[in-house]
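Have a look below at one chain only, the form predicted on its own, in structure tokens format.
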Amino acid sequence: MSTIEKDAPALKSKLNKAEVKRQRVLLIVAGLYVVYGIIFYYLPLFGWIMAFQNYKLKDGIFGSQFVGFKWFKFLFDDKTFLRDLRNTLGMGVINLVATTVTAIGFAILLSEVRNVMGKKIVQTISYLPHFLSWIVVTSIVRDAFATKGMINELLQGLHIIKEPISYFMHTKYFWPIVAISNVWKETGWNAIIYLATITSIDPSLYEAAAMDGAGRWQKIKHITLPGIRSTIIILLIMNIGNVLNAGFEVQYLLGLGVLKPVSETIDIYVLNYGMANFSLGTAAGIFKTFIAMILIFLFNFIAKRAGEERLF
């Protein structure tokens, strides 16, 4: 065995120590985030024990009676929870499809704008609603869809309807209104990552397509969409896990009175019943987490089998 081979482990160890010393600031910062994650994301999971207990505040986690899956059975025997689960899934899927399609479409259209200044202005205006509170957004939506609001005046002006519609008096309009609210608020912000991906596509591909006589639609169809396909799939896998996070504020603020049967979500259910029964609220939260994990693993597996990009 040569001298170099004998000294290799020591040299490797020395290099590692040197690298750790050189990157000590980065490692310290990373370590702080790890500690933060453990304290605020993993240690609270100990509270999941409450879902399997008749939790009493005065008895605490260690003194409360263990009841197994009692509260999970209660959830699936509760018609109110099943109704709220239906509402959550319905609005979650509609929001996911609507926000994804509009964000992709907006990003593609914006990438086709040749005026740099106009493009920046439109992009800035489009993602400003993301920073608005849902209280402000719901106020705007309520005014827009009011009997004498902008939507009714526009539809009457275009002779699409003869009489104004009371949108908040009919349950069939509520889910589309929620979807429209999410689209208006989040489209510009969600389009940022698609715009970044589009700008990374090799310009020579567009030049070659133009030389072959391809128009804008052909370039979008055969270059832009395939170029951002992996990004679309990754974001879909990530967002599919949030399908049960259909929202709380917009449903709680707009879904009053006759709209409650179609507006209440699992989060509102937890607010109404979980504040008085911590075990029930914890069980509902665990159910949401479990479904999110199943959806992410399922769609990641489907993407893997299809040969597409995936999370893991």
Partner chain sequence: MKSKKIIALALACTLSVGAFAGCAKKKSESISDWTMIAFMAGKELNEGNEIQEELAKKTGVRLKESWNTSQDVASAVGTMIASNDLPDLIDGGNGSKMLAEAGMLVAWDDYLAKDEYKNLKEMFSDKQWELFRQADGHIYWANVFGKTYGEPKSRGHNDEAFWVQVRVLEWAGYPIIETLDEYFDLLDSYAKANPVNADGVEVIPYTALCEGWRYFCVENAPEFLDGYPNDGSVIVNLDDPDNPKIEDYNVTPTAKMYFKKLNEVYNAGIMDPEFATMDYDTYIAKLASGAVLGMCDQNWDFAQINNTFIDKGYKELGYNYVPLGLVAEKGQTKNQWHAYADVPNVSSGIAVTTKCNDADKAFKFLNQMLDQEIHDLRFWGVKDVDYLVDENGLYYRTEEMRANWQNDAFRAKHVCNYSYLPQWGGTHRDGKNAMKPEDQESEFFATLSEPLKKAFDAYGYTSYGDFLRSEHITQLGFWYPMYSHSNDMDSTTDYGAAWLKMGDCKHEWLPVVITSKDFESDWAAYQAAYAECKPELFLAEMQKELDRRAALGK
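Residue numbers count along the first chain shown, from 1. Only a predicted model underlies this, so the values are computations on that prediction, with no experimental measurement involved.
There is another form of this protein, the form predicted in complex with the partner chain, and it is not shown here; the text below is about that form.
The chain is drawn here without the partner chain; in the predicted complex, the stretch among 219 to 227, 161 to 169, 98 to 106, 174 to 182 whose residues come within 4.5 Å of it by any heavy atom is 161 to 169. Listed residues Val35, Val67, Ile61, Val258 were compared with the partner chain in the predicted complex; Val258 is the one with a heavy atom within 4.5 Å. Interface residue remark: Thr147 is counted as part of the site for the partner chain in the predicted complex, having a heavy atom within 4.5 Å. Though the partner is left out of this view, Thr80 does reach within 4.5 Å of the partner chain in the predicted complex, counting heavy atoms only.
Put simply, Ala276 is close to the partner chain in the predicted complex: some heavy atom of it is within 4.5 Å. Looking at Phe287, you'd find every heavy atom of it more than 4.5 angstroms from the partner chain in the predicted complex.
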